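Next up is one chain by itself, shown in structure tokens, the form predicted alone.
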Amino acid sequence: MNPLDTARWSTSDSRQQDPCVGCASKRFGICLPLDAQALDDLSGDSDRHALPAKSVLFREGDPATRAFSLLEGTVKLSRLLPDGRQQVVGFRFKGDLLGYTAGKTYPFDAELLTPGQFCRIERSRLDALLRRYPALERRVLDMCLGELAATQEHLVTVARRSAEARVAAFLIGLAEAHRRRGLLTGDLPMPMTRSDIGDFLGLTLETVSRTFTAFKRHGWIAEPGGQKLRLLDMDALEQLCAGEHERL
């Protein structure tokens, strides 16, 4: 049995349990601007699922027939290059929309790095809801534009910044992504490996590890364990990104 079919969220269940209350998608995802009627229609057309870490939501090249609203967890987006290497193209967090693409197939793999929960909706149903509710259409457009801006900033980071500045920019961006969601109440969750970070930033594993060691030596970060990172000196990291620090 497909694991995505083991936890179907029916329309009647959603009305009885009111699952949209406190939902990440309602607080800062695609459901943010929706009224009660639109929420009811969207939830009625959606399935809710929970999967363990390392589960794959979709693979590169699969038909892009469904979109996913991430309610809990962290997802890694990656592509397999012709030489067999992995290219990480991004990370997504609770409230993000995945799999809504202009093409007929998914352009990358989407893998849960942590246990996750999400709502899944057929692309045809979502398109119909976008036509019916202009506020939903605008919200999806805003989220897509936000992803485009983040991609452009990432290109600048990889093309123009030193290895140390790339890692600093990644940590700052990760902290900001969690802060916008009200999730940064203590240490920064770090479910991605250093190899994942290197594949995202165009760096080797050794360079990422060496940079983390240098940051710790300078007292800018600490690693308390449990896939957590403690940011001790954000000003120093921001200055490094801006080129105001010499290379470490």
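Counting begins at 1, following the sequence as shown. As the structure is a computational prediction, the values presented were derived from the model and not from experiment.
Keep in mind the form predicted in complex with the DNA is missing from the figure; the text below concerns it.
Candidate site formed by Arg59, Thr105 and Glu122: none of these residues places a non-hydrogen atom within 4.5 angstroms of the DNA in the predicted bound form. The DNA in the predicted bound form comes within 4.5 Å of no heavy atom belonging to Arg181. Not displayed here, the DNA is kept clear of Thr151 by more than 4.5 Å at the level of heavy atoms in the predicted bound form. Interface membership of Ser209, defined by any non-hydrogen atom within 4.5 Å of the DNA in the predicted bound form, is confirmed. For Gly202, a non-hydrogen atom is located within 4.5 Å of the DNA in the predicted bound form, even though that partner is not displayed. A heavy atom within 4.5 Å of the DNA in the predicted bound form is found for one listed residue only; from Leu174, Val140, Leu71, Ala163, this is Ala163. Along 209-236, residues Ser209, Arg210, Thr213, Lys216, Glu223 each place a heavy atom within 4.5 Å of the DNA in the predicted bound form.
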